[in-house]
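One chain comes next, on its own, written out as structure tokens in the form predicted on its own.
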């Protein structure tokens, strides 16, 4: 089984990039974040015509998640389900066989100390509760993937000392993220790519960011122990980030027995 994640930064703007990548790599599941489109404007037919199944929930201009799958899924839901729908465009949960895949777009936080930053920290707390109420880490095959807006170690940022403290790289966010991973998640990315300098996001505003290694690892693939043991590879498609019209993120893939 091959699973991938990609913050597309507008699914309509990256539609050709996504469809091309799907045709070349043919994953079982591709999780998208920041689709930035209301449901009635989502380009569903383009995916269906290409032979894919697609499940999505979004809103105008920002947020939005989607799951593109080779086969129909057995279960799909959206949101943390502890609110009136606010979180629906930030979390998609599908079940494929015995594997639950939870795709999240964690809030960025706006600025340190702001109400939106407090909301980000709270979102991690709510997410920990979501996993606790639905799964047992020693029993269930669970993947947590997506743009989590956290670079948890100095190796996940091109210059930790220079950017610290940052919305995605500061102690409060790292602690909030660790509180979720302590539930029973392991870093599948780092199992296969332990070296520093492997990034998933390069800011458009930094000139030649990819070529100069000015990146961040904020897109993650995490799994319970059974999924971590079953993982055989993980990789980043840097070439897609260099394409004309690319997102500021790129595709991260993981394969499992």
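Positions refer to the first chain, counted from 1. This one's a predicted model, so the numbers in the text were calculated from it and none came from an experiment.
What comes next is about the form predicted in complex with the DNA, which does not appear here.
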### Query
Thinking of the DNA in the model of the complex, which stretch from 190-198, 22-30, 60-68, 209-217 has heavy atoms inside 4.5 Å of it?
60-68
### Summary
The listed residue (125, 108, 153, 77) that reaches within 4.5 Å of the DNA in the model of the complex by any heavy atom is 108
### Query
in the model of the complex, does each residue in the set 12, 36 and 116 place a non-hydrogen atom within 4.5 angstroms of the DNA?
yes
### Query
Though the partner is not shown here, which residues of 175-204 have a heavy atom within 4.5 Å of the DNA in the model of the complex?
204
